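Before any questions on binding or motion, here is one chain by itself as structure tokens, the form predicted on its own.
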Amino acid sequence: MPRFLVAYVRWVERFNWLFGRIAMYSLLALMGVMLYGALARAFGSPPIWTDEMAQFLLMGYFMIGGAYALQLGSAVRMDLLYSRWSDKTRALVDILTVGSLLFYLIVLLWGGWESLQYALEYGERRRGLWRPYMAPVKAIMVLGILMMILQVLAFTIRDIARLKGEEI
């Protein structure tokens, strides 16, 4: 495989691993917000921001952590046949089916990008008492989808190398 493709795969996997670890530890922030909200309610002064902040943190967790989950092989897969195949057969099937996944992710990225542009242009806010701006959440969504696309392309390059008898 050309060096730049090998470098791309390594860079993407390093990047997604780093952001995946950050997302993993963001669960501690989520637990802190939820605990603070629960204690504040118990003592009579419920904050208006904790529920929405918890939702935003959870969304960031699964959007940024999606590429990390793909990288670790934690994504759900139908293993009835797949687990019995050789590495080369798996690589070939992955290459043939990656098109539908990429199509889905690109459509999702397109919608997310348009939604982010709208949020930035009009200063979109969420309904409710707290009324937080939506642009930061939508930017994290777009970043997470982009990271998944980069990871899928890295997997495809890895599978092509495997078909050629090389390992990255």
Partner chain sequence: MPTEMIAALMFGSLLLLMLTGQRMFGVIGFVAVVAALFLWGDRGGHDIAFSQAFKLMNWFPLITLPMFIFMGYVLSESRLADDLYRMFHVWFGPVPGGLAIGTIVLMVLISAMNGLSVAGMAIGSTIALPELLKRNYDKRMVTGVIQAGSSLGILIPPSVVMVLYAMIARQPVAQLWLAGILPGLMMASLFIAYIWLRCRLNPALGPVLSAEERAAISTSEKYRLLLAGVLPLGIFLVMMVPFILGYTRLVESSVIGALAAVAASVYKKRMTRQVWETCLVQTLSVSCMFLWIILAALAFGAIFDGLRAVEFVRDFFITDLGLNRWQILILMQLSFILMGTFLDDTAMLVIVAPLYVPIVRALEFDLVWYGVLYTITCQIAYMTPPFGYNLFLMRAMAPSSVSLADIYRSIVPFVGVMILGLALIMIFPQIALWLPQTLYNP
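What you see is a predicted model; the values in this text were computed from it and never measured. Residue numbers count along the first chain shown, from 1.
The same protein also has a form predicted together with its partner chain, omitted here; what follows describes it.
In the predicted bound form, its partner chain sits beyond 4.5 Å of every heavy atom of P136. When contacts are judged by a 4.5 Å heavy atom cut-off, S45 does not count as touching its partner chain in the predicted bound form. The closest non-hydrogen atom of T97 lies within 4.5 Å of its partner chain in the predicted bound form. Interface membership of W49, defined by any non-hydrogen atom within 4.5 Å of its partner chain in the predicted bound form, is ruled out. Counting a residue when any of its non-hydrogen atoms is within 4.5 Å of its partner chain in the predicted bound form, the hits in 104-125 run Y104, L105, V107, L108, W110, G111, G112, E114, S115.
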